[in-house]
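Below you'll find only one chain, the form predicted alone, shown as structure tokens.
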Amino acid sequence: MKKENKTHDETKLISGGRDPESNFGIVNPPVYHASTVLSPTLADWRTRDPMKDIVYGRMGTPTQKSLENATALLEGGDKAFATSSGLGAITVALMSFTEAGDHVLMTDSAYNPARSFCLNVLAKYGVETTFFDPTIGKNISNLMKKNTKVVYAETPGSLSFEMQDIPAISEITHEHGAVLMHDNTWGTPLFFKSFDMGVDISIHAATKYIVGHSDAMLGILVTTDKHYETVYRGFRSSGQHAAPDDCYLALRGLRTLGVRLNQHQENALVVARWLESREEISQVLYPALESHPGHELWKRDFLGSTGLFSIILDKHYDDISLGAMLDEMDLFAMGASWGGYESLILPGSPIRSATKWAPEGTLLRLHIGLEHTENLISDLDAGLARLKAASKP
């Protein structure tokens, strides 16, 4: 009887996408800069397969293919495509499966550029978008139409961190012949196995945790063989192309994704639990906390949690008070994106179409980096003291 060979994720992170024998024994796949790729004979030129072979720089170099193979292996998909940004991956996915007269269902908690693309671009070409309550579960069946081609999920939701029942949504989506897309940037291929949950297209802003060092722009789509050709045609027609240097940085970042995420998770739990104890905080929106409304879904579907969450302050603060807190932070910086080694903090206001967002206080989104938690807590403690002092009449 053949012994089962179970390759653990920690091993896949190290071995995926590597082929030293094809690269002169070099451990990490090198950077291939290329536009023109030559054919030695006319017969070779005639028989090139752009879906498999290296034929032109925009269609992918060996560096890009290595990253795509490693990511697909880790998440449990069959094929992957690297794009120039996370939004690039979103647009390729949506355009690949829609045409004039089609209908898209998108979670009301989606990353704002995704909803903007639907409302400002797809709408111009006759594609209708309906936003749904992220906690809808199987009741999404009430929103399905005959022309619904895509259901777009994101769990947890951007800024507001609602959890979605992806297996339930997947079941309804497939009953109606539609495709389920999921933004898996927060969970990463390590902590959320999209295809085990019934997802058809998994989308990543690889700029964030996969790169991990805040120094590259990159998106990745992972899919199954069933949908590969559809995504490939959309990818090729869109002109999307991931820069080889950015792919190299993502490959390098991928090797340490496991140890980085474990530390992000450990730090975030310590800081989140401390924030729960503060009188200035009315709610901590972090699915790994028992107090989170979607904690049971997180515990059922995820293999871990990452470093991004939001807090709701005890009331609404003006920019003078918020500035007193944020401008003088020592370790928490204000900046877009997240997923790097550094801690970040920003005010936010989720945009809603189908659901009501009316918390009792100001929302702040935090990314907990790899600094020591004692120092992070001290920085937040001083910031909250400044906030409280500045808001006194």
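Predicted model only: the values in this text are computed from it and were never measured. We number the residues from 1 along the sequence you see.
Only in words, not in the display: the form predicted together with a small molecule, which the text now covers.
K.L.:
Quick one: which of 173-181, 291-299, 86-94, 119-127 gets within 4.5 Å of the small molecule in the model of the complex, going by heavy atoms?
P.N.:
Selected range: 86-94.
K.L.:
At 4.5 Å between heavy atoms, is Ala205 in contact with the small molecule in the model of the complex?
P.N.:
Output for Ala205 is yes: heavy atoms within 4.5 Å of the small molecule.
K.L.:
Heavy atom to heavy atom, is Ser310 within 4.5 Å of the small molecule in the model of the complex?
P.N.:
It does not: once the small molecule is placed as it appears in the model of the complex, Ser310 has no heavy atom within 4.5 Å of it.
K.L.:
With heavy atoms only and a cut-off of 4.5 Å, decide whether Met217 touches the small molecule in the model of the complex.
P.N.:
Yes, Met217 lies within 4.5 Å of the small molecule in the model of the complex.
K.L.:
Although the partner isn't part of this model, could you tell me whether Phe161 comes within 4.5 Å of the small molecule in the model of the complex, counting any heavy atom of the residue?
P.N.:
The answer is no: Phe161 has no heavy atom within 4.5 Å of the small molecule.
K.L.:
Only one of Tyr111, Tyr209, Phe235, Phe132 gets a heavy atom within 4.5 Å of the small molecule in the model of the complex. Which one?
P.N.:
The residue in contact is Tyr111.
K.L.:
Only one of Asp246, Asp200, Glu154, Asp165 gets a heavy atom within 4.5 Å of the small molecule in the model of the complex. Which one?
P.N.:
For this set of options, the contacting one is Glu154.
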